[in-house]
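Starting off, we have a lone chain in the form predicted alone, written out as structure tokens.
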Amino acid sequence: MNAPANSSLSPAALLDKLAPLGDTSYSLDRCADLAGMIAEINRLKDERRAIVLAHNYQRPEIFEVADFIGDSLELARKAREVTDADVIVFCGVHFMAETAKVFNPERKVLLPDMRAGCSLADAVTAEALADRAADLREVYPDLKVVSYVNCTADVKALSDACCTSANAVKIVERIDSDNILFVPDRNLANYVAENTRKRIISWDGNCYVHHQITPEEVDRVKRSIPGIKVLAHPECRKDVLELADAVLSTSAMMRYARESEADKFLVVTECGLSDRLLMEIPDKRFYKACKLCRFMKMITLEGTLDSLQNLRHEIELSDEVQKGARRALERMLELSA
């Protein structure tokens, strides 16, 4: 069963409105500019009592100023643990900054570019979810809503629990219902459905970055480089996952690459993770069957510096949404413990 996506603009239309990705190469002059901005950001972090949280898909220069780098689950846990900062600058997309605000209502949470959205988050609204869940509960009275964290805070507030790609199967298995409405990613929902006996009713959304990766691209690399290990993200299509040696979240990909005896990997997710892998595991080789996320790449070092200098752009949520979203996020952390 699929519900229609609900958004005033389609992901394709949104992408048409976005600026170019920015740097395609790093010249010596550009690196010198970046070094100056990195030094100033680090100075301002001390002055503002600020920390920078960054997602694995960010530009490599963002990693140089980040106090913590991780996937959605790791970042949610880190945001929950913040105790020694007045300001959180979130280098990721909008829904991730909202999660940081949910866990830190008394702190100033900043997003360097408010245009940094998500095609998955745009695929479901709170109003559409409420209507769909009400209809389904007439058929399945025990229905529970599990929302992938790639959704807005008001959607989280209507959910029984959130999940990430790292813990989606565990959350579904542990929640007390045999019928699950899983929003908004149909590819991740399909992956979960194959790993549980519960009924999974999926929403009709996808991550445009992962969904456009084809099995032909993956197969071409596998045939060209014998012995290469293929690591794929569960947001990818089923025909891509079938070619993978392991289906993993980005944090699990990092662990797998470090611990594996293999020295060649095809990383099938957003390209930013490959940059981090190359920086942190230089003795192994990483090949890309990946795409760039225009939304993630809207976060720049210039924007991060401006955000700290001028304390913008601040995330604001109503008390009701904060309370509901926190309940669903806390339930995720409890079930995944």
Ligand code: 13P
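So that there is no doubt, residue numbering starts at 1 and follows the sequence shown. Because the structure is predicted, anything quoted here is derived from the model rather than measured.
What follows is about the form predicted together with the ligand, which we do not show.
Asks: Which of Glu98, Asp113, Asp160, Asp71 has a heavy atom within 4.5 Å of the ligand in the predicted bound form?
Replies: Contact with the ligand in the predicted bound form is made by Asp71 alone.
Asks: Among 223-231, 249-257, 188-196, 174-182, which stretch has residues whose heavy atoms lie within 4.5 Å of the ligand in the predicted bound form?
Replies: Stretch 249-257 is the one.
Asks: Find out whether any non-hydrogen atom of Tyr148 is located within 4.5 angstroms of the ligand in the predicted bound form, and reply yes or no.
Replies: Contact check for Tyr148: yes, within 4.5 Å of the ligand in the predicted bound form.
Asks: Give a yes or no for Lys156: in the predicted bound form, does one of its heavy atoms lie within 4.5 Å of a heavy atom belonging to the ligand?
Replies: Looking in the predicted bound form, residue contacts with the ligand do not include Lys156, since no heavy atom lies within 4.5 Å.
Asks: Scan 45-67 and note down the residues that get a heavy atom within 4.5 Å of the ligand in the predicted bound form; none is a fine answer too.
Replies: In sequence order, His55, Tyr57 come within 4.5 Å of the partner.
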